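Quick heads-up: it's one chain on its own, the form predicted alone, in structure tokens.
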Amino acid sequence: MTSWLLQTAALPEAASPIVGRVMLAYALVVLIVGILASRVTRSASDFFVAGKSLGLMTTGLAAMAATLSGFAFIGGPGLVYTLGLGAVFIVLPVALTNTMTAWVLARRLRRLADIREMITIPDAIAARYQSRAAQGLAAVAILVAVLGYAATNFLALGLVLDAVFGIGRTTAIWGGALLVVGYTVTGGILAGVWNDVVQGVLMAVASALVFWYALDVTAAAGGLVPLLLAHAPEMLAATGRSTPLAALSFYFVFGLGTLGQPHVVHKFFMLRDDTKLQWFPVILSFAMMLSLLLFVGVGLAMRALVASGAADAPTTPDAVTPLFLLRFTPPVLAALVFAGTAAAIMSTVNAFLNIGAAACTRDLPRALGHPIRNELRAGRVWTLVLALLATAIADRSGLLVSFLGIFGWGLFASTLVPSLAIGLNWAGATRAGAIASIASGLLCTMVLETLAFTRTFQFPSGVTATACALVVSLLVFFVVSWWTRSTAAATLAPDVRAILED
């Protein structure tokens, strides 16, 4: 991923006091949800997979919230403002990805959880390949990426809170972290899921309203499309201001890479019933389409308004949404979007901390042959430890936060897509292929993203390091599995084979 996908720039202060009041009200709701969730969190299964008690609608909204995060409100519109329609290639594969996720992963993960004691993605990898080494490597990759993602999101949350309350970045970062940690440690993933439902509805409604205002404001200035055609026609080109290869790279990475995002696919372990999964793509795609109206509408509207002289240019792409909201929408709507942004960030951090704590509590100890007895207590402790580490990194900001945040998505994709998404659909995948793929994905992503971030090496025509690492990992997976194909039958347990062949 490239650096302009991160929300690390300062946001303008929100002038209206109603924004602060709505944010405080939402914080109170979050705390109440955490307290209520803690009352039904009595086991490690409750803490990590909500006791496998969620309905399809709740799971869909939770997956949508985890997928979009604060990027849909802050980073995404800034990216559209910068690249035009080229940025839309990130979200074009939404319907395809949701369908593949439901058909390729969801039912098999849920049924694996029924036949095995399974609550994490590395658990599924261990069951598929009968390999503690594969489980441990997957846990290491998840842990590294989780720290980066959580730190970047804590920083983004701090910037939003500072913009609203003017309390200083450091105070805002630690205050936001304290709120997230409070309901995550007590209520576990269930608290996050309940907040995801509130956030998902809020995101969809607010995005649709903001999109209407974007069309209304640009209509008064001459119309969105006419303004862009007159002043910035390159924004409406098929791939915007990005190259065709870069746009296709976006499509490939976000289309296929989503299958390896553990904070999203982990939600399928929580399903109470998998018999209605055919409706999952419809629910998730419709919710995401509504939420992404702001992503596209605000970015293009601000570019049209700035190009025509009807609005001042933002100092940074990350300021596109706040500037539009504070100038062109009612204070109540601006307040809802700011609250939605904070909610999106908090729910995503909750999911990351949960899977990171699971890696430390369950996957790494089991891979080393020393399982922990009280996983609920250890999970809460590790959640707190990881949150403190991520917050400290966020507070320091600078290179380390940016570096870790940049390769998080790519690390998940390159290490988990081959071994998990393909492995659960191909009986010919082998233990050696999975281990080699996870190891090469981890190494390649770290090396290539470091070279790209430090500008030691420039990839041609906008191709991302993530795309290259994912291709390498896929090739290694197939080649090594073919080379060791004689071991494929021994790699696959009879109960797991039954699920693959169903």
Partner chain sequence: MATRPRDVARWAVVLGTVGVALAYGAAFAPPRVARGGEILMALSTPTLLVGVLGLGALDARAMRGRPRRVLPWAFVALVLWLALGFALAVASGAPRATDARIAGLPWAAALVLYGLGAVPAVLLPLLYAWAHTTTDGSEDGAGAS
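Here the structure is a predicted model, which is why all the values come from computation and not from measurement. Residue numbers count along the first chain shown, from 1.
Beyond the structure shown, there is the form predicted together with its partner chain, which is absent from this document and is the topic of what follows.
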Only one of 379-387, 324-332, 97-105, 145-153 has residues with a heavy atom within 4.5 Å of its partner chain in the model of the complex, and that stretch is 97-105
Heavy atom within 4.5 Å of its partner chain in the model of the complex, from candidates L256, V264, A287, A126, belongs to L256
Picking from I167, V282, A219, L178, the single residue whose non-hydrogen atoms come within 4.5 angstroms of its partner chain in the model of the complex is V282
Open item on the list: Given that its partner chain is not shown alongside this chain, does Q278 nevertheless sit within 4.5 Å of it in the model of the complex, heavy atom to heavy atom?
Closed with: yes
| task | Check whether Y213 has any heavy atom within 4.5 Å of a heavy atom of its partner chain in the model of the complex, and answer yes or no. | result | no
### Task
Although its partner chain is absent from this view, report whether F89 comes within 4.5 Å of it in the model of the complex, heavy atoms only.
yes
message: Even though the partner isn't displayed, in the model of the complex is R111 close enough to its partner chain, meaning a heavy atom within 4.5 Å?
response: yes
Checked 411-431 against its partner chain in the model of the complex; residues with a heavy atom within 4.5 Å, sequence order, are I422, N425, W426
